[in-house]
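In the form predicted alone, a lone chain appears below as structure tokens.
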Amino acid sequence: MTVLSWVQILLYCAIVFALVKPLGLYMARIYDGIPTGINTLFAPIERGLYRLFGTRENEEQSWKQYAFAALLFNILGMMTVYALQRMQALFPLNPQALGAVTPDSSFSTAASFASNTNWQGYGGEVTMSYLTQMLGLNVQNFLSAATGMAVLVALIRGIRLRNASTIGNFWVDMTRSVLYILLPLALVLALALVSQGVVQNFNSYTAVPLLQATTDGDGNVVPEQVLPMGPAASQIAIKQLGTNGGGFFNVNSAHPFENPTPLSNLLQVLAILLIPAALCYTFGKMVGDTRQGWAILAAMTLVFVPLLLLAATQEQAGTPQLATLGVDLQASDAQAGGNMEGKETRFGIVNSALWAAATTAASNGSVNSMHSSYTPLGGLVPMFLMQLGEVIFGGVGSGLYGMLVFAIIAVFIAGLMVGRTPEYLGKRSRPLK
């Protein structure tokens, strides 16, 4: 790889790890109810939401009540997204007059966005109205991410508390996750993306004449191209920060209206790992031992960085069979070299490999290149990260509590091997009474 390639990787890692402590500390203070300054600004909204939910800030829930509230809330959210897709032809903000989404596609999309999977079986610009994208999918991007963060916080409280019958309040944790963490970060990122050219409007699709007319598959002359519009930047911001991944357009972050410049690419791939990495420090701070948080972050990093380097070096090396045919695979001023199949020229090999590793490590799902076009060993990296259970950083909240489960199991097995009662952070594993 070139010197510039190494600089790009080092810069990315440096920014992510530099933000871990300040953001992690901020989130710990938010969840513990410690004033941060922003609390004063949004306090009236927070209290109003509690009245709407019929709860109070200091009203605690047992783990059964907490779990029931989380399940009920997300089931209702899934039903709402399904209904919105089925009836989108009746609602405004549909300049292309798109019809109702089919029942099977509506159910698949509603289930995947409610579970933070965000699997797409549709082309956004030809299937979803602006209202469906904003009120359905974009809202679920916030709420599914906030659910993962709330469940993580409940688990952390369960680990740190002694002889307690409650683990917090789901509605409080959900509200604080959205109001004080996800919403401010998404607003800043969306404004930055708009500055780079990501579209954010309610215009009808725009037809522009081609510089040179072409023909379609039937031989008809095509003199113009239709450019999709829409409120994309606001959805792109939270899709990355919430490790959701669902694209506004069909080709996701490879689309120039979602990800137009190298700077927008850097901001988006930073957003993918920002909260999952910072939550490690949040965990350490909330349990009263920041070394535990740094240890988990170090374990994640020791898996992620070598895999990232493997993907980048293998894609830069290219396909050996092509080299035997005399194809020049070396990087130069005239070409990127390596394996550029399925990659955008405005990002190049390293930024494509970096995105592929980050998005599969975080269970994000967004892409800026075609993973199926990677070399065998380059493509092994996203496959391996997915098969690890996506706990190397992982989804916001879900990645860390998945890693904590691994840590508890490891401590349990190690305790059995040495003949001691398994113990993690002062909590001993014992039969339930």
Partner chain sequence: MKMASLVILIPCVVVLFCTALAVVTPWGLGNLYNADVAYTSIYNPGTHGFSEVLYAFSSMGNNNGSAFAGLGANNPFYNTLGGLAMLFSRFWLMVPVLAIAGALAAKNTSRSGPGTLPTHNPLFVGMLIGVVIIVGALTFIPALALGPLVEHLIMVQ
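These figures come from a predicted structure and were not determined experimentally. Here the rigid core means the biggest group of C-alpha atoms that line up within 1.5 Å when the two forms are laid on top of each other. Residue numbers count along the first chain shown, from 1.
Below, we turn to the form predicted in complex with the partner chain, even though it does not appear here.
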Worksheet item: Among 45, 38, 34, 383, which has at least one heavy atom within 4.5 Å of the partner chain in the predicted complex?
Response: 383
Worksheet item: Between the options 74, 265, 200, 313, which residue brings a heavy atom to within 4.5 Å of the partner chain in the predicted complex?
Response: 74
Worksheet, complete the sentence: Of 164-172, 343-351, 188-196, 216-224, the segment with heavy atoms within 4.5 Å of the partner chain in the predicted complex is residues 164-172
Worksheet item: Going by a heavy atom distance of 4.5 Å, is residue 53 a contact of the partner chain in the predicted complex?
Response: no
Worksheet entry | Contact flag, residue 105 vs the partner chain in the predicted complex, heavy atom cut 4.5 Å | yes
Worksheet item: Given that the partner is absent here, does residue 410 sit within 4.5 Å of the partner chain in the predicted complex, heavy atoms only?
Response: yes
Worksheet item: Quick one: is residue 112 in contact with the partner chain in the predicted complex, heavy atoms, 4.5 Å cut-off?
Response: yes
Discussion item. Using a 4.5 Å cut-off on any heavy atom, which residues of 173-194 would contact the partner chain in the predicted complex?
Written reply: none
Fill in: Core-superposed C-alpha of residue 14 shifting 2 Å or more between this form and the one not shown
no
Practice prompt. Tell me, please, whether between this form and the one not shown the C-alpha of residue 411 is shifted by 2 Å or more, with the rigid core used for superposition.
Written response: no
